[in-house]
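A single chain comes next, written as C-alpha coordinates; it is the form predicted on its own.
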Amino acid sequence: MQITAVEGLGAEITGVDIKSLSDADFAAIQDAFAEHGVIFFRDQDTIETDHIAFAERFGEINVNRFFAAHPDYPQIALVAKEPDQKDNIGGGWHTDHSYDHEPALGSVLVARELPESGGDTMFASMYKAYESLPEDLKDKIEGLSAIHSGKHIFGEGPDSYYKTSDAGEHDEGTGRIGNADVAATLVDPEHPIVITHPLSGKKALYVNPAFTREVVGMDKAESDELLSDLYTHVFTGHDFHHRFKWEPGSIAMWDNRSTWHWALNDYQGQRRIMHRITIEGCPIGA
(Lines give C-alpha, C1' and ligand atoms only; values in the text may rest on other atoms or scores of the structure.)
Protein backbone atom coordinates (compact mmCIF):
# COMPACT_ATOMS: atom_id res chain seq x y z
CA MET A 1 0.00 0.00 0.00
CA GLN A 2 1.22 3.48 -0.89
CA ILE A 3 -0.15 6.79 0.45
CA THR A 4 0.66 9.83 -1.68
CA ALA A 5 -0.31 13.40 -0.82
CA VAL A 6 -2.07 15.21 -3.69
CA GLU A 7 -2.02 18.87 -4.63
CA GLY A 8 -3.98 21.16 -2.31
CA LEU A 9 -5.22 18.59 0.15
CA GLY A 10 -5.90 14.90 0.44
CA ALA A 11 -4.02 11.70 -0.22
CA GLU A 12 -4.39 8.98 -2.84
CA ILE A 13 -4.07 5.44 -1.52
CA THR A 14 -2.96 2.82 -4.02
CA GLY A 15 -1.99 -0.83 -3.99
CA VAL A 16 -4.85 -1.83 -1.74
CA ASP A 17 -8.26 -3.47 -2.02
CA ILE A 18 -10.72 -2.06 0.53
CA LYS A 19 -12.51 -5.43 0.62
CA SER A 20 -9.52 -7.18 2.22
CA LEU A 21 -7.67 -4.74 4.44
CA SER A 22 -5.34 -6.02 7.13
CA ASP A 23 -5.53 -4.35 10.52
CA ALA A 24 -2.21 -2.64 9.81
CA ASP A 25 -3.44 -1.33 6.44
CA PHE A 26 -6.64 -0.03 7.99
CA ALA A 27 -4.73 1.73 10.78
CA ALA A 28 -2.57 3.47 8.15
CA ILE A 29 -5.71 4.52 6.25
CA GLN A 30 -7.22 5.93 9.44
CA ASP A 31 -4.06 7.93 10.09
CA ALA A 32 -4.06 9.28 6.53
CA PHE A 33 -7.70 10.27 6.85
CA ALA A 34 -7.05 12.20 10.06
CA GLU A 35 -3.96 13.91 8.66
CA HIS A 36 -5.13 14.80 5.14
CA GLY A 37 -8.90 15.26 5.54
CA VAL A 38 -9.73 13.42 2.29
CA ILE A 39 -8.53 10.07 1.00
CA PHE A 40 -8.99 8.77 -2.53
CA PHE A 41 -8.99 5.24 -3.91
CA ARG A 42 -8.94 4.14 -7.55
CA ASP A 43 -9.85 0.92 -9.36
CA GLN A 44 -11.92 -0.54 -6.55
CA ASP A 45 -14.31 -3.34 -7.53
CA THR A 46 -16.98 -3.10 -4.86
CA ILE A 47 -20.61 -3.94 -4.34
CA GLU A 48 -22.92 -2.37 -1.80
CA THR A 49 -22.06 -4.76 1.01
CA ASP A 50 -18.34 -4.01 0.54
CA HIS A 51 -19.09 -0.30 0.79
CA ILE A 52 -21.03 -0.84 4.03
CA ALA A 53 -18.36 -3.09 5.56
CA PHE A 54 -15.59 -0.56 4.82
CA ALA A 55 -17.58 2.31 6.36
CA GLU A 56 -18.43 0.27 9.45
CA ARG A 57 -14.74 -0.13 10.26
CA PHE A 58 -14.66 3.62 10.97
CA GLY A 59 -17.77 3.70 13.14
CA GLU A 60 -21.54 3.51 13.26
CA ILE A 61 -23.36 4.43 10.07
CA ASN A 62 -25.60 7.50 10.08
CA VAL A 63 -28.77 6.55 8.19
CA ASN A 64 -29.54 9.75 6.31
CA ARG A 65 -32.80 11.50 7.19
CA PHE A 66 -33.00 13.68 4.08
CA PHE A 67 -31.61 11.79 1.06
CA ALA A 68 -33.34 9.08 -0.92
CA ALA A 69 -32.14 5.70 0.29
CA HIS A 70 -30.92 2.73 -1.71
CA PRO A 71 -33.95 0.43 -2.12
CA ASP A 72 -32.11 -2.58 -0.68
CA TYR A 73 -29.53 -0.98 1.61
CA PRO A 74 -30.93 1.92 3.68
CA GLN A 75 -27.43 2.66 5.00
CA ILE A 76 -26.60 3.98 1.51
CA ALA A 77 -27.91 7.38 0.42
CA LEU A 78 -28.40 7.96 -3.29
CA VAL A 79 -26.71 11.04 -4.72
CA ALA A 80 -28.29 11.00 -8.14
CA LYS A 81 -28.94 13.27 -11.06
CA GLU A 82 -30.92 12.16 -14.11
CA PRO A 83 -30.45 13.64 -17.61
CA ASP A 84 -33.65 15.71 -17.36
CA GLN A 85 -32.77 17.23 -13.97
CA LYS A 86 -31.19 20.68 -13.94
CA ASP A 87 -29.98 20.95 -10.35
CA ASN A 88 -27.56 18.55 -8.71
CA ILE A 89 -27.10 17.65 -5.05
CA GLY A 90 -24.29 19.43 -3.25
CA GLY A 91 -23.80 22.06 -5.93
CA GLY A 92 -22.03 24.64 -3.75
CA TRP A 93 -19.34 24.78 -1.08
CA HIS A 94 -20.48 23.11 2.13
CA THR A 95 -19.69 20.54 4.78
CA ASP A 96 -22.22 17.86 5.67
CA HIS A 97 -24.02 17.57 8.99
CA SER A 98 -22.76 20.74 10.69
CA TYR A 99 -26.46 21.20 11.58
CA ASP A 100 -26.15 18.22 13.96
CA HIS A 101 -25.03 18.60 17.58
CA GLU A 102 -22.49 15.83 16.93
CA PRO A 103 -21.42 16.40 13.31
CA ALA A 104 -20.74 13.31 11.24
CA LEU A 105 -17.18 12.01 11.13
CA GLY A 106 -17.23 11.83 7.35
CA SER A 107 -18.67 10.22 4.27
CA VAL A 108 -17.58 7.48 1.86
CA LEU A 109 -18.73 8.20 -1.71
CA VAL A 110 -18.57 5.50 -4.38
CA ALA A 111 -18.97 6.18 -8.11
CA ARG A 112 -21.63 3.93 -9.62
CA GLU A 113 -22.53 5.64 -12.91
CA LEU A 114 -20.62 8.61 -14.31
CA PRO A 115 -21.25 11.11 -17.09
CA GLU A 116 -18.98 11.04 -20.13
CA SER A 117 -17.49 14.33 -18.96
CA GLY A 118 -17.81 16.62 -15.94
CA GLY A 119 -19.08 15.83 -12.47
CA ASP A 120 -15.79 16.37 -10.62
CA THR A 121 -15.81 17.19 -6.90
CA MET A 122 -13.90 20.09 -5.37
CA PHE A 123 -12.46 19.86 -1.85
CA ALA A 124 -11.00 22.54 0.42
CA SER A 125 -8.90 22.07 3.57
CA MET A 126 -10.17 23.79 6.70
CA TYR A 127 -6.86 23.02 8.42
CA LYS A 128 -5.02 25.10 5.83
CA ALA A 129 -7.82 27.66 5.69
CA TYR A 130 -7.33 28.37 9.39
CA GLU A 131 -3.55 28.26 9.26
CA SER A 132 -3.45 30.82 6.43
CA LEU A 133 -5.88 33.33 7.96
CA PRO A 134 -4.45 36.78 8.63
CA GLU A 135 -3.49 37.12 12.28
CA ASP A 136 -6.03 39.90 12.91
CA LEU A 137 -8.82 37.66 11.60
CA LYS A 138 -7.59 34.76 13.74
CA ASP A 139 -7.74 37.07 16.76
CA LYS A 140 -11.23 38.25 15.82
CA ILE A 141 -12.72 34.75 15.70
CA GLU A 142 -10.92 33.43 18.78
CA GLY A 143 -13.53 32.05 21.20
CA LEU A 144 -16.51 32.78 18.93
CA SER A 145 -19.26 30.32 18.06
CA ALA A 146 -21.82 30.17 15.27
CA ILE A 147 -25.30 28.72 14.89
CA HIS A 148 -25.77 26.04 12.24
CA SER A 149 -29.08 24.86 10.75
CA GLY A 150 -30.43 22.55 8.07
CA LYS A 151 -34.04 23.72 8.21
CA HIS A 152 -33.74 26.14 5.30
CA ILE A 153 -32.18 23.42 3.12
CA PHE A 154 -34.16 20.31 3.99
CA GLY A 155 -37.44 21.84 5.13
CA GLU A 156 -39.79 24.10 3.24
CA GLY A 157 -38.50 27.55 2.33
CA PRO A 158 -36.91 29.65 -0.41
CA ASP A 159 -33.54 27.88 -0.17
CA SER A 160 -34.93 24.40 0.23
CA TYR A 161 -34.53 21.37 -1.98
CA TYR A 162 -37.94 20.33 -0.68
CA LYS A 163 -40.37 22.75 -2.32
CA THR A 164 -44.08 22.61 -3.05
CA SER A 165 -46.02 24.15 -5.88
CA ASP A 166 -49.23 26.12 -5.44
CA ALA A 167 -51.07 22.89 -6.20
CA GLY A 168 -49.35 21.22 -3.27
CA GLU A 169 -47.17 19.00 -5.43
CA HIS A 170 -43.44 18.67 -4.91
CA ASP A 171 -41.32 19.96 -7.77
CA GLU A 172 -37.86 18.94 -9.02
CA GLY A 173 -35.82 17.30 -6.31
CA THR A 174 -38.67 15.32 -4.81
CA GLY A 175 -37.52 11.84 -3.96
CA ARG A 176 -33.86 12.92 -4.00
CA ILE A 177 -33.46 15.17 -0.98
CA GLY A 178 -35.52 16.87 1.71
CA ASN A 179 -37.91 16.00 4.50
CA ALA A 180 -39.88 18.93 5.88
CA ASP A 181 -41.31 16.99 8.85
CA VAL A 182 -37.89 15.88 10.07
CA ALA A 183 -36.33 19.28 9.34
CA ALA A 184 -38.91 20.93 11.56
CA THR A 185 -37.68 18.88 14.53
CA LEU A 186 -34.05 19.96 14.20
CA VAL A 187 -32.64 21.90 17.15
CA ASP A 188 -29.97 24.23 15.77
CA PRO A 189 -26.58 23.72 17.45
CA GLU A 190 -23.81 26.18 18.24
CA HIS A 191 -20.30 25.14 17.23
CA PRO A 192 -16.99 26.95 17.76
CA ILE A 193 -15.80 28.81 14.66
CA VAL A 194 -12.39 27.27 15.26
CA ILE A 195 -12.40 23.66 16.44
CA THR A 196 -9.71 21.31 17.65
CA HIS A 197 -10.08 18.28 15.42
CA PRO A 198 -10.98 15.20 17.51
CA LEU A 199 -8.67 12.87 15.54
CA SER A 200 -5.68 14.98 14.53
CA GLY A 201 -5.65 17.55 17.33
CA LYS A 202 -5.13 20.30 14.72
CA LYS A 203 -7.09 23.55 14.53
CA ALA A 204 -9.67 23.81 11.75
CA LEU A 205 -12.04 26.53 10.59
CA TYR A 206 -15.59 25.31 11.16
CA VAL A 207 -18.13 27.41 9.28
CA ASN A 208 -19.65 26.81 5.85
CA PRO A 209 -21.93 28.75 3.49
CA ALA A 210 -24.73 26.18 3.36
CA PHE A 211 -25.47 25.58 7.04
CA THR A 212 -23.83 28.32 9.14
CA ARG A 213 -26.50 30.93 9.85
CA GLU A 214 -25.04 33.52 12.22
CA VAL A 215 -22.25 34.29 14.65
CA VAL A 216 -23.38 34.16 18.27
CA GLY A 217 -23.40 37.55 19.98
CA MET A 218 -23.24 39.67 16.83
CA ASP A 219 -25.95 41.63 15.05
CA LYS A 220 -26.84 40.39 11.57
CA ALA A 221 -24.76 42.92 9.64
CA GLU A 222 -21.64 42.27 11.70
CA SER A 223 -22.16 38.50 11.54
CA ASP A 224 -22.73 38.54 7.78
CA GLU A 225 -19.58 40.60 7.25
CA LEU A 226 -17.41 38.28 9.34
CA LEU A 227 -18.75 35.13 7.70
CA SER A 228 -18.31 36.71 4.27
CA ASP A 229 -14.67 37.47 5.07
CA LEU A 230 -14.08 33.87 6.15
CA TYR A 231 -15.83 32.42 3.11
CA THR A 232 -13.94 34.70 0.72
CA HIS A 233 -10.70 33.49 2.26
CA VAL A 234 -11.67 29.87 1.54
CA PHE A 235 -13.09 30.60 -1.93
CA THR A 236 -9.82 32.20 -3.02
CA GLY A 237 -7.45 29.79 -1.27
CA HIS A 238 -6.56 27.75 -4.31
CA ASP A 239 -3.42 26.39 -2.70
CA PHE A 240 -5.65 24.37 -0.38
CA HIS A 241 -8.21 23.25 -2.98
CA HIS A 242 -8.21 19.93 -4.83
CA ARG A 243 -10.35 18.93 -7.82
CA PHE A 244 -11.03 15.20 -7.88
CA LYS A 245 -11.83 13.62 -11.21
CA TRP A 246 -14.07 10.61 -10.83
CA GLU A 247 -13.42 7.42 -12.78
CA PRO A 248 -15.09 3.99 -12.68
CA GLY A 249 -13.99 2.34 -9.44
CA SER A 250 -13.20 5.63 -7.68
CA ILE A 251 -13.95 6.15 -3.99
CA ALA A 252 -13.52 9.34 -1.96
CA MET A 253 -13.79 9.60 1.79
CA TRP A 254 -13.83 13.06 3.34
CA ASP A 255 -13.77 14.38 6.87
CA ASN A 256 -16.71 16.67 7.59
CA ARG A 257 -14.85 18.41 10.42
CA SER A 258 -11.79 19.49 8.40
CA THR A 259 -12.96 19.92 4.79
CA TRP A 260 -15.53 21.52 2.54
CA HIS A 261 -16.67 19.97 -0.73
CA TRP A 262 -18.59 21.03 -3.83
CA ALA A 263 -20.11 18.72 -6.47
CA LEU A 264 -19.68 20.46 -9.82
CA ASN A 265 -22.80 20.61 -11.97
CA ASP A 266 -21.25 20.69 -15.45
CA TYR A 267 -22.78 17.62 -17.08
CA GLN A 268 -26.27 18.69 -18.14
CA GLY A 269 -28.24 16.02 -19.97
CA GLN A 270 -26.14 13.18 -18.52
CA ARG A 271 -26.71 10.72 -15.70
CA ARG A 272 -24.56 10.57 -12.55
CA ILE A 273 -25.26 8.06 -9.77
CA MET A 274 -23.19 7.98 -6.59
CA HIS A 275 -23.62 5.95 -3.40
CA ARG A 276 -22.86 7.72 -0.13
CA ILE A 277 -22.48 6.36 3.39
CA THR A 278 -22.02 8.77 6.28
CA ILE A 279 -20.37 7.78 9.55
CA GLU A 280 -21.45 9.04 12.96
CA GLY A 281 -19.17 11.54 14.66
CA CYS A 282 -18.66 12.92 18.14
CA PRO A 283 -18.92 16.26 19.96
CA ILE A 284 -16.53 18.93 18.70
CA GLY A 285 -14.97 21.73 20.70
CA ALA A 286 -12.49 24.55 20.49
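One-based numbering along the sequence shown. Everything numeric in this text was worked out from a predicted model, so none of it was measured.
Keep in mind that the form predicted in complex with a small molecule is not shown, yet the notes after this line are about it.
- Relative to the small molecule in the model of the complex, residues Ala124, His241 and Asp255 are all farther than 4.5 Å at every heavy atom.
- Residue contact with the small molecule in the model of the complex: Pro192 places no heavy atom within 4.5 Å of it.
- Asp96 belongs to the set of residues with a heavy atom inside 4.5 Å of the small molecule in the model of the complex.
- Remark: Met274 counts among the residues lining the small molecule in the model of the complex, judged by a heavy atom distance of 4.5 Å or less.
- Within this chain, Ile89 lines the site of the small molecule in the model of the complex, having a heavy atom no more than 4.5 Å away.
- Listed stretches are 28 to 36, 41 to 49, 255 to 263, 229 to 237; the contact stretch with the small molecule in the model of the complex is 255 to 263, by a heavy atom cutoff of 4.5 Å.
- For the candidate set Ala146, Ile76, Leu109, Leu205, a heavy atom within 4.5 Å of the small molecule in the model of the complex is found for exactly one residue, namely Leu109.
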